[in-house]
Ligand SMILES: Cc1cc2nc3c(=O)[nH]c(=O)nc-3n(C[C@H](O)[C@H](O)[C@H](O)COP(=O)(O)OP(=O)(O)OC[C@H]3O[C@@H](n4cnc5c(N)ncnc54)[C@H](O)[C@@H]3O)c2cc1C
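Just the one chain here, the form predicted on its own, laid out as structure tokens.
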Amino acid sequence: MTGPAPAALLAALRDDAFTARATAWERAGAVPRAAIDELAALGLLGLTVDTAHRGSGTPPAAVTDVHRLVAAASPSLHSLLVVHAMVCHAVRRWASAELRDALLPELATGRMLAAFALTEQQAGADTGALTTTIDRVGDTLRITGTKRWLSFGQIADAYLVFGSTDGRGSCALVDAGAGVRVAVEPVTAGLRAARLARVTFDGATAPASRAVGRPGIGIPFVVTSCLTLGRLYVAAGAVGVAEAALRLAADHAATRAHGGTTLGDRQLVRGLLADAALATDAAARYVRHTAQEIEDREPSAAVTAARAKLLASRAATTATATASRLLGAAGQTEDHPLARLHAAARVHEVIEGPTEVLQDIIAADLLRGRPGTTDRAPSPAAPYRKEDDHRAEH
């Protein structure tokens, strides 16, 4: 990784006009492709891609700053940023050199939007229960199965599909088109504009060269390394939500007169603000620490990312609840920014590993190897290994 996020992108995201557009997207129930293309031209989708493949090669810590800005205004667009980065990561780290050179520039520039096709109706967070199959017939892959709640799955140009090949976990990039049926998911409160889709692969085909890693690598290695990165970015988004909610709460407390004084002069209100501020600040610092661990390929990065996501999602819940209590009815209307932040905080407690799963991962890591423990909990994720970065698993 080489430099900061593009200055033009940061300026656009910090402009009040971006927040106004995000509000319009939520009302309309969809982030339009034209808006995505416009931000992609400024570098939004190429942050995690190296400059040789037309990205900006932005370091993870600086990438998390962008995620904070985006999520504070548009949690829906932020969900695209997360899944697109996860796909870029899988291609960069696990695909063949030919596939990397062909696809990373397309992904970095936004000419190709990619969805992360992991979740199934009955599988949930249990990757061992996936029923999708990726069969190889000669030089062709044949994919069969149904994936649910794919962010921006309605307009994705390709899907990183996870399933099994001869009983071994695998994954492949599959283009939208023949054999791929896309249905609109019911609108969710937290990601109203994220264009969630139910995608059925009905014998869809792809060249065998589109396999990302060989069978046996797709799960746990590819999916878990992607989830580590996804948890970092969801945590960063949750921090952005918490910061935005805290600003609303503080602004309101400083100006709302009640009984001859302002809310901010009341000790109990100050206590609420202080607790929310500490939770938010702690999460922000932990997110940056996690980003550094991931950049340094620390073996502990997977568990640290789980901790960061748990801490940040709780901070977002605390901050939005505080803002909701202080703003009262004024903050409950559908169009108020707080309503969007509140819903996003609830979503952040679920996506990329719900709270209880993350607790299990963290506790298992704490207990592993100690006498008397069963070591029953799942491994948090495949640890980062430097040698994997330059190895095509075929």
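In this text the structure is predicted, and so the values were computed from the model without any measurement. Residue numbers here begin at 1 and follow the sequence given.
Keep in mind the form predicted in complex with this ligand is missing from the figure; the text below concerns it.
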TODO: Using heavy atoms and a 4.5 Å cut-off, decide whether 83, 351 and 357 all contact this ligand in the predicted complex.
DONE: yes
TODO: Look at the stretches 150 to 158, 247 to 255, 174 to 182, 90 to 98 and give the one with heavy atoms within 4.5 Å of this ligand in the predicted complex.
DONE: 150 to 158
- [ ] May I ask you to state whether residue 110 is within 4.5 Å of this ligand in the predicted complex, using heavy atom distances?
- [x] no
TODO: Please run the contact check for residue 144 against this ligand in the predicted complex: heavy atoms, 4.5 angstroms, yes or no?
DONE: no
Task: Contact test in the predicted complex: residue 45 vs this ligand, heavy atoms, 4.5 Å - done: no
TODO: State yes or no: in the predicted complex, is some non-hydrogen atom of residue 188 no more than 4.5 angstroms from a non-hydrogen atom of this ligand?
DONE: yes
TODO: Scan 77, 196, 72, 310 and let me know which has any heavy atom within 4.5 Å of this ligand in the predicted complex.
DONE: 196
Open item on the list: Quick check on this chain: which one of 49, 326, 63, 347 has a heavy atom within 4.5 Å of this ligand in the predicted complex?
Closed with: 347
Open item on the list: Within 4.5 Å of this ligand in the predicted complex, counting any non-hydrogen atom, which residues from 100 to 119 show up?
Closed with: 116, 117, 118, 119
